[in-house]
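Okay, so here's just one chain, in structure tokens, the form predicted on its own.
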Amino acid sequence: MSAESINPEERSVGVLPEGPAVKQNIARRQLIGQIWRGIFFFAIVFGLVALLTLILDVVNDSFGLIATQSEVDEQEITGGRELEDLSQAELVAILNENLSRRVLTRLNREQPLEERDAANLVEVIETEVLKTELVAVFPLWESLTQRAAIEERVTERFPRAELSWKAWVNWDFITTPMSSVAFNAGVRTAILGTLWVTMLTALIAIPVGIFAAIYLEEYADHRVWYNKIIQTNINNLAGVPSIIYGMLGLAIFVRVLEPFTSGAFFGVSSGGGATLNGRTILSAAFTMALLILPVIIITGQEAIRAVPNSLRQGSYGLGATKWQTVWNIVLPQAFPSILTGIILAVSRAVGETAPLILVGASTFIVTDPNGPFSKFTVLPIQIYTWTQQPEQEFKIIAAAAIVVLLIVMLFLNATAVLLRNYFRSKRVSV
């Protein structure tokens, strides 16, 4: 049967619509396109609303009115003067006159009173002598819209209390170590611990991840069975729950490699914030490096694979070796995209909690870390610990700590983005 004998109406494939059918087809496609466009727009709006809700909720808890009252009248111990107007010597004299020997010994052990500045001494007097306590806290929105009702309520329940504005996110909060009293607690130790862990994690994971990606993409023969196994396991490890990495870190870095991660192998003593067990910053850094390595390797492979093969061939044609081509041509072209993966990986490391709890991060610590063998805590763990406390004040400072964590993450990500843009502007134009 010839092709010409086939009835055109019987052909179901390759027939173009004609006349009104063309307009109907175009209208249907435009309708489908508009529907998908609406779905995409809704997804963006939903994400922005969720993010805005989170930010507003955190900010609402981080500022507002507070009510404080003291057991001892300030005027009685200062002779009618304000604490802020007294000299450092006068503040020390007040503490020596009004505190017991046991409390003075404890304070001098932490830091001699004569070596403290006036602001710190005023804080100690308010806590130890005046015994100033926080009796009520109010969120920002309630403080702005119901000020009169709040004043009436505070006057009725706490006649001696003073009502004042409080910005929980302030310089004192950032530079003050932890405390069992929410009003005096800060996040300095947690910030330093976060920076130490993040810095060491990046130093370990970034070079290893990039070199592994280069090997797998440029040198490995994927026809060999062990290279296939390596690639498959890397892809699978990217989806392993973080708690598994915490168990691995506990078993290997904290226990098996304890002489190395505790610093005993290097002769490090237990003074100055160091610890003689494996629950150190170094163990945490190795654990978090294992956690983010698969992400760095996979994104690095994709970036290297995206480099046009013509650049490699041109380099070989000019007599360059394999390594010279990789180092001078492929890596500069791929590095901006590799940095994108590094940003995502390090951001995940900054926000992780479960692995660090398993490797021994402290929930309460007042000693700043001063090296890789120090005991430590990080901001996510501090936030988690404060949210578990029954007092409302701890939930307020947890919200303030969330703001600090977001600022730290934005700072780290902004630094990485600037580096990525710098390398992107320097790479060879394709």
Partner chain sequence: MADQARARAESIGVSIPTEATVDLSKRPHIGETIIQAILFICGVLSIFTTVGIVWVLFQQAWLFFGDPEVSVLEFFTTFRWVPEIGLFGVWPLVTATFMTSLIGMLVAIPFGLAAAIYLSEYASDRVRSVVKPLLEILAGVPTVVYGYFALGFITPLLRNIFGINTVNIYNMASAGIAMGILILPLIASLSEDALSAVPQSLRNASFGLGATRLETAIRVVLPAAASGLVAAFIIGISRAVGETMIVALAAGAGPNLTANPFDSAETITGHIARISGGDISYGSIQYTSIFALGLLLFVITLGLNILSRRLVARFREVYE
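By rigid core we mean the largest C-alpha set that fits within 1.5 Å across both forms. Residue numbers count along the first chain shown, from 1. Only a predicted model underlies this, so the values are computations on that prediction, with no experimental measurement involved.
Missing here is the form predicted together with its partner chain; even so, the following discussion is about that form.
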*Single option in 92, 178, 83, 234 placed near its partner chain in the predicted bound form, where near means a heavy atom within 4.5 Å*: 234
_To verify the annotation, which of these, 150, 163, 124, 250, has a non-hydrogen atom within 4.5 Å of its partner chain in the predicted bound form?_
250
*in the predicted bound form, does each residue in the set 100, 188 and 266 place a non-hydrogen atom within 4.5 angstroms of its partner chain?*
no
_Partner proximity in the predicted bound form: residue 296 to its partner chain, non-hydrogen atom cutoff 4.5 Å_ = no
*asked:* So, residue 321 and its partner chain: in the predicted bound form, are they within 4.5 Å at any heavy atom pair?
replied: yes
*Does its partner chain get within 4.5 angstroms of any non-hydrogen atom of residue 171 in the predicted bound form?*
no
_Proximity of residue 365 to its partner chain in the predicted bound form, heavy atoms at 4.5 Å_ = no
*Among 254 to 262, 195 to 203, 112 to 120, 139 to 147, which stretch has residues whose heavy atoms lie within 4.5 Å of its partner chain in the predicted bound form?*
254 to 262
_Under the 4.5 Å heavy atom criterion, name the residues of 385 to 423 that approach its partner chain in the predicted bound form, in sequence order._
387, 388, 395, 398, 399, 402, 405, 406, 409
*Fitting the rigid core first, would the Cα of residue 417 be found 2 Å or more away between this form and the one not shown?*
yes
*Large Cα shift (2 Å or above) at residue 366 between this form and the one not shown, core-fitted*: no
